[in-house]
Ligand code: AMP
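Read the single chain below, which is given as structure tokens and is the form predicted on its own.
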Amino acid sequence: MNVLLLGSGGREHALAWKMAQSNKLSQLFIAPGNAGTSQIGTNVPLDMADFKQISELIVDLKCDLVVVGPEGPLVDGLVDFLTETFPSLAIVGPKASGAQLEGSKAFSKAFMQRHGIPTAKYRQFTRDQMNDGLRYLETHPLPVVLKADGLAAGKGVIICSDTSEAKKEFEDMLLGKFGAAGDTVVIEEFLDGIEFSVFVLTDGKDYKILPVAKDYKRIGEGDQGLNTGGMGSISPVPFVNEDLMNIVENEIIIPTIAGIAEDGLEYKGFVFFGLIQVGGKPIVIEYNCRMGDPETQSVMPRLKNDLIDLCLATTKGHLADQKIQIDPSTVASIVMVAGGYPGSYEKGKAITGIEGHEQGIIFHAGTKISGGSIVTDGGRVLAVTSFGDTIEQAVNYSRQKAAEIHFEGAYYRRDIGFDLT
């Protein structure tokens, strides 16, 4: 069968790498893709905001299965559009109603509250309610968490330890710091604990749990500095044992999938649960309506199933028949970023040393081919992913390979997994 994977990041390279192993695959198209995906499939230039162009591509390429990687098109209703255009097409990704679990923090918090899913206490404010929000912040315990309601590329969450700082950030968010994403701001209690990521596939009624991971969002070692889209990930996570996962499944996953059905949200795709363990109890920080990045780069190498089989079962409502098989190895991914990221950075820097990683895989993110060479084309450039018997071994393999990869301004965290060993 012909498969179209939409997206261009490290998540999409990891998904493409896994799909390419399926014996059901005839041709794999990645739109728009990156330099890494071009090595395992066919990249197709595409504007993901142009739904008509996507539908024409599906016809031209005779696609049987479409997998939507990033959140933007999902929140904007791409699956609704494609379902109406191609009623029998197999599509992995929720319709806009389900994608609001990520597209609106206020929507997701109300969803969790309605269905008894543990999450932090919160209140939400619009620009018209700015003064009410400022007064609320004056008496709120510190630290306090501010979240832009809409999509902000993983950067719309700010933790403030000072009331004056919180009030200024709150005003800035409502006045356009994150564009329309900050038209509503959620003020949330700060939870002190350790985070981890759980992923499931759901066909809207049944679900399957994929390998668990932990990511590292801060730019600096020791989890210091600005938030990023993710600087690395580890799978499995040592403290996420069977007892903890039983609580996650019974108190979070099952009520979420039941809530999706009860609320009539049309959902056939991945659900990402961003969780934090507080006093031994898991609490939901956020939902994403797709796989995480850079967690996918550590999750997919541990998944032994045929990913196309799982995708088809999701679209046909047959997930209950699938049994997930997981490689027991530890996988560590270290993300290499452009100098200046997550602030301003330059593109077009030549990359060398990416060949020959015997202990794992190099997953491309912000890369492209220019003049026959691979060059940087984004803030997060690539992820060095390695297998090991332990976290220390897997991280060490990734560090060793990262040290061999060069581009002007390259930076990576050397302490991924530091809090798990």
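The structure presented is a predicted model; accordingly, all values stated were derived computationally and were not measured. The first residue of the sequence shown is number 1, and the count goes up from there.
There is also a form predicted in complex with ligand AMP; it is not shown, and the following applies to it.
At a distance threshold of 4.5 angstroms between non-hydrogen atoms, Glu169 is out of contact with ligand AMP in the predicted complex. By the criterion of a heavy atom within 4.5 Å, Leu191 is counted among the residues contacting ligand AMP in the predicted complex. Ligand AMP is not drawn, but in the predicted complex it has no heavy atom within 4.5 Å of Lys95.
By the criterion of a heavy atom within 4.5 Å, Glu286 is counted among the residues contacting ligand AMP in the predicted complex. For ligand AMP in the predicted complex, the listed stretch (191 to 199, 87 to 95, 160 to 168, 125 to 133) containing residues with heavy atoms inside 4.5 Å is 191 to 199.
Each of Lys105, Ala120 and Lys217 places at least one heavy atom within 4.5 Å of ligand AMP in the predicted complex. Proximity to ligand AMP in the predicted complex, defined as a heavy atom within 4.5 Å, holds among Leu310, Ile209, Met245, Val145 only for Val145.
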